[in-house]
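In structure tokens, one chain follows: the form predicted alone.
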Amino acid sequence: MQVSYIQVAIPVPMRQLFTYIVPATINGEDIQTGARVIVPFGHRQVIGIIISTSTTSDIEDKKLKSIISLVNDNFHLPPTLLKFLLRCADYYHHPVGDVLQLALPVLLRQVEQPTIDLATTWHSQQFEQVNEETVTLEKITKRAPKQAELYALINTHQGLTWAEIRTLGFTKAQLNTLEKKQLIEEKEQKSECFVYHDDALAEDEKLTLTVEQAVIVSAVKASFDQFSCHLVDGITGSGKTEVYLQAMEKTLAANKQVLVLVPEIGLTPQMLSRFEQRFNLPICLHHSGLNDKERLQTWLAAQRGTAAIIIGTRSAVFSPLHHLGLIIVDEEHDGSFKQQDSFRYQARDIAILRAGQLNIPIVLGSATPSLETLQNALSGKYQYHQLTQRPGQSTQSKITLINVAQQQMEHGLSGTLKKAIGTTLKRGEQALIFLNRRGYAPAINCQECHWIADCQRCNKPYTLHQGQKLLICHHCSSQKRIPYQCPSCGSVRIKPMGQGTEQLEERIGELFENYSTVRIDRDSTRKKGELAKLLQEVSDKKHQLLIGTQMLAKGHHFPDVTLVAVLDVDGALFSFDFRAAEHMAQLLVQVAGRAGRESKPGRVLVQTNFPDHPLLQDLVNNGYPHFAKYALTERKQALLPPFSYQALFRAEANYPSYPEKFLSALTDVTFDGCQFAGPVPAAMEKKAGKYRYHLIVQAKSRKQLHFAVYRLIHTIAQNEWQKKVRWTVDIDPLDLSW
């Protein structure tokens, strides 16, 4: 049968499909939903995705254009993934073309088709004379231990890709040197489905499970071929990763794939290392640190079934895994799983949706579950598992509050904290100092006239970056040189205000000059492989003092860190955002969990001006579980999520009156069971020269909320202000500060 018309999703901000004619030169049998086509759109050609086909059309042929060509490369979206993506677009009320394009690697979104090279992998050479290899390795071990370490890794795990090797902290130079010495060789990766084999599992690496861990693993394995959502609520250091590893065994043994989602790239090296040690199976990575070609190769490995395990950040949830058998979401509470621009999806939530569609189990792990997830577990919607003990000799560290109002401060450190750091260092242990503010100082000002260097596009102070000798706006990324004189009064008395990690590193180096200090934040880890390198140096005890932002707060295992100091948590105690206290508690518990993870006991010291604040007292004395249940009670009384459902309409324009009038017009429509809050200026009203307002729609049920959002989006077409503003809708918003 000749298909005459197709409906195509195109990556444009329009909530509709476009109809095209299929010319007679194209065989109708080649037309499949999910396939890519090149179509004319306006004055350009774009890649579109076929959503449906038909033999008739309501639109006259003379008004329709023909498709240019069908992309015949077998890299189309499979039916189950296409159905899943359409559901995501519908739930988040986002243009379907944008959503479908997000599921494709960049190179497959382009009209010019890429040359598809098979991924290459590295293998150790086979030697006829064992002595020759032994002699060469002895020399390398003495002169270049990192090369020897890389060779041992490749020898144990044949078939590693360059992306994996780089993620694990090795350099191209080390790889090339081993190749020149003919110790390793590069081969093209086979494009066939992985097959589980006898050597796939390193049995000697398996740890003995505690009773609590064994119960969880059994529960996940029992739901092997049916949908079930398991929340693993385990204190930091309780062995959640070991639970994941052993729960995966049954899935992999059945030649099914496993998808592991992590919140940030920073957690990828450590997770990859653990998985490489346990499984001798193809593992692929998916995150923003990879180039376009590497991402395409991961996508193809997932689609062809070559990859047994995919480890990735939030967008990995769209990987075209044909044989997916288990999904694991580590640190499920983390805000990084929520996309904050364009298609604003929550990766954890749609991972649960995908598991339900495929009828497979999903495991959510966290030491500090989000209140939404916890409520679902407590109500019986998810299976709730708790890990209350750390395996081995390690114990959970106790949090102690330091009242900075009663202490003399030096460089942001109280006398009590300085003494504790000194004692820790003398014992040969490491200390972690947490300050969630990168840069040298959050502002600079004139000591004479009190002028402050403000970003005119955001009305917020520039952050001083001393190392780069720049003032940088952390909101719009604009930069300017540090002025030598005050532009207001001409004074040269310009000083930094406040403290960031860069300044803290400098001051700590002065106070403890006999010890090595390392700073880990977004500025110090910009280079590829730099994060893995710094984390390895910390593990090797090359540095005794660690200074960092929330990049250091979660997932990392530092055996010799016995003291964690938190310098500033007070901002969250008085925030307008109802989620601020929850996020503060999660961050505090996560960073506290970096201390005392081995047999050495750990301490956590938190500096605050408000040690008697009830939220801090509850968290310190009763722990996160009690804090979370108390917070859920408060949310229920206030009818806030998870006991209600929200959508956030955002609007921005060059003049403040435009977004306000645009959103005010939306409130003229009334709905049963829905309330409006706003429109009000965003917490940061001006950003990058645009004035921003938002409007919250809250409903008692999801059905009521989505009906209201659907109606409101349709009324926007008649809104007289809609052409003067840029607007978006965010379903289940996490960040109201915007």
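Just so we're clear, the structure is a prediction, and the values are computed from it rather than from any experiment. Note that residue numbering follows the sequence shown and begins at 1.
Omitted from view is the form predicted together with a small molecule, to which the following refers.
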Inset, instruction - Would you kindly say which of L378, A254, C193, L207 lies with a heavy atom within 4.5 Å of the small molecule in the model of the complex? - result: L207
Legend entry - Residue (of T373, S397, T525, T241) lying close to the small molecule in the model of the complex, criterion heavy atoms within 4.5 Å: T241
Inset, instruction - Select, from the options 398-406, 231-239, 314-322, 256-264, the stretch whose residues sit within 4.5 angstroms of the small molecule in the model of the complex by heavy atom distance. - result: 231-239
Legend entry - the small molecule contact in the model of the complex: H475, any heavy atom under 4.5 Å: no
Legend entry - Interface membership of G467, the small molecule in the model of the complex, 4.5 Å heavy atom rule: no
Legend entry - P391, heavy atom within 4.5 angstroms of the small molecule in the model of the complex: yes
Inset, instruction - Give a yes/no on whether Q101 approaches the small molecule to within 4.5 Å in the model of the complex, heavy atoms considered. - result: no
